[in-house]
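Take a look at this one chain, the form predicted alone, written out in structure tokens.
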Amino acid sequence: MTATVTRAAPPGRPGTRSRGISRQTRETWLLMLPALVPVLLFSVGPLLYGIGLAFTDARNTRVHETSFVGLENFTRLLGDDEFWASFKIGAIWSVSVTVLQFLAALGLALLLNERLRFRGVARVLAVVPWAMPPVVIGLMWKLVYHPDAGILNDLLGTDVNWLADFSLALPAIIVVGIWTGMPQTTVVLLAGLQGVPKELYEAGHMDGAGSWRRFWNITLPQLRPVIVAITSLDFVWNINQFGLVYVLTQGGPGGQTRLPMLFAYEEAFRYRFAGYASMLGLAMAIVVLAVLGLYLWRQMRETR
């Protein structure tokens, strides 16, 4: 009887795995470089530079020497009444546009999800504002609101200067914000609606549930993850809005439409306080992240 001896495989060379990075990892990083380099140069780099400026007294002048001031800009921000006024306006703007935009987009998505005649044409027309740059939209709506030649005054038979009226300017730009952001919200909600299983509606119909009960008990629960995602993105986009409002009113009249980003822009490029403007941007980013984090946490908790 012959005993068979199985020899263990010879161990690899010591230090083979720990020496450097594997070939696959190197190739992965090499393929990612074309995408990573622009992100690092144009996103991460300016972000870190802006955070650093927030703790200095930097000015947009050649003769000023920048020095570190710690939390002095933050202290100034807390006592700045103009900032808090713009923050209040920004909160009204972002919440109003996000909520009303969602409701309008949900109604339009439900309509476009039905088997209507010329539904394809209607879907194309619904996303037209999405293809237009904010500057073009601002100029177009500026003509709509024009006190003398505007189509809105012609339809209503009035001569109101919508964008120069202290009480009407903010509601007027909120309408523009809703119209501008509704297409992408509609597209996302429409995609979510098409992903709801038809069997759920058939079961609800067989149980005697009406249209409203099917919408409340089937459609909304199925759309909850989509709703959380799109409303979160809409809120971030709206609170950071700049170009559209700048073209429409430049923050006027009398600061009634001066959003926080407009206020930061004026501090940086009109008054040349680059350090203070950077602190404004940093503070707004922290506030947005905090509000968004709380909102997402509550939504996810309710989902569970």
Partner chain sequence: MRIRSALAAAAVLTLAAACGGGGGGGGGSSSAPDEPVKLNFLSLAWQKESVAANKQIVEEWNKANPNIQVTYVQGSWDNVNDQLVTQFAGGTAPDVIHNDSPALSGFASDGYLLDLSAKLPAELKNDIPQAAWDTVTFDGGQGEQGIYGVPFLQESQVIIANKKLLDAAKVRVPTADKPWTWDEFSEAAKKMTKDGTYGVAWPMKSPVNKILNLSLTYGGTFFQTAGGKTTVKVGPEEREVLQRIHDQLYKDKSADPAALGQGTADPLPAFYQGKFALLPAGVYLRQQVVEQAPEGFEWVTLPGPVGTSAQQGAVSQTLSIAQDSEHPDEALKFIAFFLNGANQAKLAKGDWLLPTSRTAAADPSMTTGENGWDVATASAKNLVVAPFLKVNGFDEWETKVAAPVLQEYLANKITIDEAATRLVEDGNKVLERYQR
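Under this definition, the rigid core comprises the largest set of C-alpha atoms superposing within 1.5 Å between the forms. Numbering follows the first chain given and starts at 1. Here the structure is a predicted model, which is why all the values come from computation and not from measurement.
The next section is about a form of this same protein that is not shown, the form predicted together with its partner chain.
Candidate site formed by Ser96, Glu114 and Met206: none of these residues places a non-hydrogen atom within 4.5 angstroms of its partner chain in the predicted bound form.
This chain lacks the partner; the member of Val236, Leu33, Val44, Ile51 within 4.5 angstroms of its partner chain in the predicted bound form by a non-hydrogen atom is Leu33. Between its partner chain and the residues Asn240, Thr28, Thr66, Asn60, the one pair within 4.5 Å by heavy atoms in the predicted bound form involves Asn60. Its partner chain is not shown here, but in the predicted bound form it comes within 4.5 Å of a heavy atom of Pro147.
Proximity of Phe55 to its partner chain in the predicted bound form falls outside the 4.5 Å heavy atom cutoff. Contact annotation for Ser167: at least one heavy atom lies within 4.5 Å of its partner chain in the predicted bound form. The shortest heavy atom separation between Arg76 and its partner chain in the predicted bound form is within 4.5 Å.
Only one of 98-106, 153-161, 179-187, 220-228 places residue heavy atoms within 4.5 angstroms of its partner chain in the predicted bound form, namely 153-161. In the predicted bound form, its partner chain lies beyond 4.5 angstroms of every heavy atom of every residue of 112-133.
Relative to the superposed rigid core, Trp29 undergoes a CA displacement of at least 2 Å between the shown form and the other one. Relative to the superposed rigid core, the position of the CA of Gly70 differs between the shown form and the other one by less than 2 Å. Once both forms are overlaid on the rigid core, the distance between the two CA positions of Pro38 between the shown form and the other one is 2 angstroms or more.
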